[in-house]
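First, one chain by itself: the form predicted on its own, in structure tokens.
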Amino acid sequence: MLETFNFRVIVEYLPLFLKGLGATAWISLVGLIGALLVGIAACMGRISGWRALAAPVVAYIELIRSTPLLVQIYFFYFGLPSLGLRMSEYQTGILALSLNSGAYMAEILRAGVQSIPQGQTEAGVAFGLSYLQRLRHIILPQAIGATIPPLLGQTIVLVKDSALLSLISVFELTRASQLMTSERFMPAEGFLTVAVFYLLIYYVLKSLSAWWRRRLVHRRA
């Protein structure tokens, strides 16, 4: 296999792959921020106890989790313009990633919130903290800290899912490989290079997670 593998072409297209890597990192970062915001809002809405707020949140989470991301991307890309809402390919892709991952992160955070002893919340009430203050100072910091591993896993899924945006002509890592393949017809070189870059991203995120957990442990000590 290595005898027919053309490393020279990979080196030639390396600037294109690096540009795609930067685009993937940017899209994933913005999508992650959006997913966390959506996830926190959906989590708080679901556990709020207000049926008028919890019911739509549950419907959103179940709808997202029961349909493929690709279908959601196509709905936003082809369906929203027919409803009069037009966005660029990048905006459409980031919206789809944020809403999709946000549903899963909401459930992850809800599990973290429910794992916090009720006595801590009651202590916050005793000290006169409002609901938002209890969320900010007691509940959310512990919930996020306790759910770092699954949040990391969902972040990795988000990064990998960003490859689907190439189907709506968003330039990122996978799209770079598609462009190389269309010009040189070397799919093995192109997609193996993309796989290596995704592997590097995975280990970077894994290292960040380990550092974050050590930092939380030292802070508690």
Partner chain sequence: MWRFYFDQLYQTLPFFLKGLWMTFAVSGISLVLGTLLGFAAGIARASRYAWLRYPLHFYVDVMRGTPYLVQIFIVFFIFPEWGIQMTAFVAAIFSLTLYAGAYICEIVAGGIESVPPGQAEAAKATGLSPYQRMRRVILPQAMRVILPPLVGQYVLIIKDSAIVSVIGITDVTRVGWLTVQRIPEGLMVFGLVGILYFSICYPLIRLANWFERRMCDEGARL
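Computed from a prediction, not measured in an experiment: that's the story for all the values here. Positions refer to the first chain, counted from 1. In this text, the rigid core denotes the largest set of C-alpha atoms whose superposition between the two forms falls within 1.5 Å.
Although it is not shown, the form predicted in complex with the partner chain is what the next lines describe.
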{"query": "Every residue of Phe7, Pro15 and Glu89 near the partner chain in the model of the complex, heavy atom within 4.5 Å", "finding": "no"}
{"query": "Partner contact for Cys43 in the model of the complex: the partner chain, 4.5 angstroms, heavy atom", "finding": "no"}
{"query": "Contact label in the model of the complex: Tyr202 to the partner chain, heavy atom within 4.5 Å", "finding": "yes"}
{"query": "Contact of Phe127 with the partner chain in the model of the complex (heavy atom, 4.5 Å)", "finding": "no"}
{"query": "Proximity of Glu183 to the partner chain in the model of the complex, heavy atoms at 4.5 Å", "finding": "no"}
{"query": "Contact assignment for the partner chain in the model of the complex, among Leu29, Ala55, Leu192, Ile47, heavy atom within 4.5 Å", "finding": "Leu192"}
{"query": "Neighbours of the partner chain in the model of the complex among 37-68 [non-hydrogen atom within 4.5 angstroms]", "finding": "Glu62, Leu63, Ile64, Arg65, Ser66, Thr67, Pro68"}
{"query": "Core-superposed comparison between this form and the one not shown, Lys206 Cα displacement 2 Å or beyond", "finding": "yes"}
